[in-house]
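So this first bit is one chain, no partners, the form predicted alone, shown in structure tokens.
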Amino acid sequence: MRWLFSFLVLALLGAVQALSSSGSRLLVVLEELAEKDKYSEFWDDLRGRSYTLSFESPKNDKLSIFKHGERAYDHLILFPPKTKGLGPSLTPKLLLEFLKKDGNVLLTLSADHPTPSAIVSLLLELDIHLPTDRNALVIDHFNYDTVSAGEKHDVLLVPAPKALRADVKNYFEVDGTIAVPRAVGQGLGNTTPHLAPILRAGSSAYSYNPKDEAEIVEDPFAVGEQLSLVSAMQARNSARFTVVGSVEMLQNEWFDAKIGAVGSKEQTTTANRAFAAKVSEWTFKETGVLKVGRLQHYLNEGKKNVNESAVGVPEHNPGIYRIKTDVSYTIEISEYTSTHLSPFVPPTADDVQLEFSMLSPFHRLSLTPLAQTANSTIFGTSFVLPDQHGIFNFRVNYKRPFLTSVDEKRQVTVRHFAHDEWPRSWNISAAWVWIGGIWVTVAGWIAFVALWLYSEGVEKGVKKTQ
């Protein structure tokens, strides 16, 4: 019975595992630990998703995010410090190293505390720019909370974010309006595809330094939708870094606060709690995580060979093909959603594509869904190999905002025809003229030889006279 008891214990441990696909160890770096009660509802939501929370102050000399060269935590939440930085244990170099080791970071900012230069340097490494005025905040004179910011207009009311593009899934949709008090706006660089705004400011918002006594801002840092209030960065290794411009929006008082919009007498409740859950779920890899199962390519001989196996079954793919043959390709893709793997369904305006390439793609084909299993979608296509021998790659390089990257490559050799694989000349209609010429020449030669052999000469007699 011991083995049965051990099996039940392991099953229970698996049941209480965190919903994140990358681990449950979560470190919260908060300078004033007494302030953590202001965010108790946020902590309860995280614990309800089976995270193990550890609270540390950046002043703690024993604080370390690495142990024996590996990550000591799976995720970090960094609150804005009141001092000049986060200390020697959380330098920009160490935080970038944490990202390189597949750790995820949720960084919060606040206009009430000047952003330390170390945080500014870290964000510049990621091509995220902050205002040069350390006390700048975002205000909006047309979309603000009339209940709490009737004079300063520094509590923005922003509708729930929509899809970034038609070919991108929306993981942050909530019902209601989001209140963003005293936010630090961010500007995102245009040179990297790894950055994406989650929550943008309204068209009438702008960045403003309240210490500036001028009534008119002549050269603002950014205006309108150029200002990102919540930004996301996903590295090449799919590690995630999220910047929340207002740490106050995570406080208990804003999770269920009553707000009033300009021109409306009715008050509504904020959607901050649901939005905070969506942002933390994405940052800590509970959503938007793609996994590749079995991948197959094979010679198409007129029979269906759809892969209907489960994720993780070994592959048996040929390593060599002949030019101008018909091949099929299938790949199994799943999407992890909080607790389980489900079939991945791309947006309507998007396609998963296959490249068959040497130095450059010879074919770029859209993969169509062929079948679905309980936890995956099988995509596939068929095509004719090019008339070019060499070393080729079957490659699926699928990278979209808010989704972990898929880059699967399989190398194959494409050979030319063997000497006994070429079609016979009489099967080629263009060769019939030459074949006819050969047989005409042979027939003419035979006729000439026969004529020469069977033609006798006439002998003439010669008389001798004396």
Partner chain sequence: MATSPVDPLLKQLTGPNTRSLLRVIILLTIAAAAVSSRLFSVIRFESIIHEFDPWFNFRATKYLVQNGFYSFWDWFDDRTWHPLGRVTGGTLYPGLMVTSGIIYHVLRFLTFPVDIRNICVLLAPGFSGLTAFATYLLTNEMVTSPSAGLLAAAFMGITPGYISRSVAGSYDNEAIAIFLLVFTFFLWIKAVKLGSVFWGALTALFYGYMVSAWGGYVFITNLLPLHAFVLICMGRYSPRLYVSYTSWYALGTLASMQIPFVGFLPIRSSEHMSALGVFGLLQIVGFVEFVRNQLPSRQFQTLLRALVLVIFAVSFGGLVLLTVSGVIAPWTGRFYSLWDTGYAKIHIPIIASVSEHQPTAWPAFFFDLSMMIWLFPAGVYMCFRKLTDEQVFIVIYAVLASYFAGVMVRLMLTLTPIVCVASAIAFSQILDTYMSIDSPTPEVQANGTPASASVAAASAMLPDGLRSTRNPIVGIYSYTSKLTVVAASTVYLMLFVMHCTWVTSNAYSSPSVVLASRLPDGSQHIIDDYREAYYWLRQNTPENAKIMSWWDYGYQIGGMADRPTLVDNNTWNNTHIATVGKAMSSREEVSYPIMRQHEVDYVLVVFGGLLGYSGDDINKFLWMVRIAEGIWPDEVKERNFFTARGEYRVDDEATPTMKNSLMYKMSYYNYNALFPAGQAQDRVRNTRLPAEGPQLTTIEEAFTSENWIIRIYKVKDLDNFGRDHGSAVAFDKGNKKKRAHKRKGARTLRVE
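Everything numeric in this text was worked out from a predicted model, so none of it was measured. Superpose the two forms; the largest set of C-alphas matching within 1.5 Å is the rigid core. Positions refer to the first chain, counted from 1.
What comes next is about the form predicted in complex with the partner chain, which is not displayed.
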Only one of these stretches, 279-287, 96-104, 332-340, 370-378, has heavy atoms within 4.5 Å of the partner chain in the predicted bound form; which one is it? 96-104
Give me the residue from Pro346, Pro92, Pro161, Pro114 that has a heavy atom within 4.5 Å of the partner chain in the predicted bound form. Pro92
If we test each of Gly85, Gly260, Gly176, Gly390 for a heavy atom within 4.5 Å of the partner chain in the predicted bound form, the one that passes is Gly390
Leu126: heavy atom within 4.5 Å of the partner chain in the predicted bound form? yes
If we define contact as a non-hydrogen atom of the residue within 4.5 angstroms of the partner, is Ala418 a contact of the partner chain in the predicted bound form? yes
Does the 4.5 Å heavy atom contact test between Arg165 and the partner chain in the predicted bound form come out positive? yes
If you check in the predicted bound form, is His194 within 4.5 Å of the partner chain, heavy atoms only? yes
With the partner left out here, which residues of 231-248 have a non-hydrogen atom within 4.5 Å of the partner chain in the predicted bound form? Met233, Ala235, Arg236, Asn237
Core-superposed C-alpha of Leu33 shifting 2 Å or more between the shown form and the other one: no
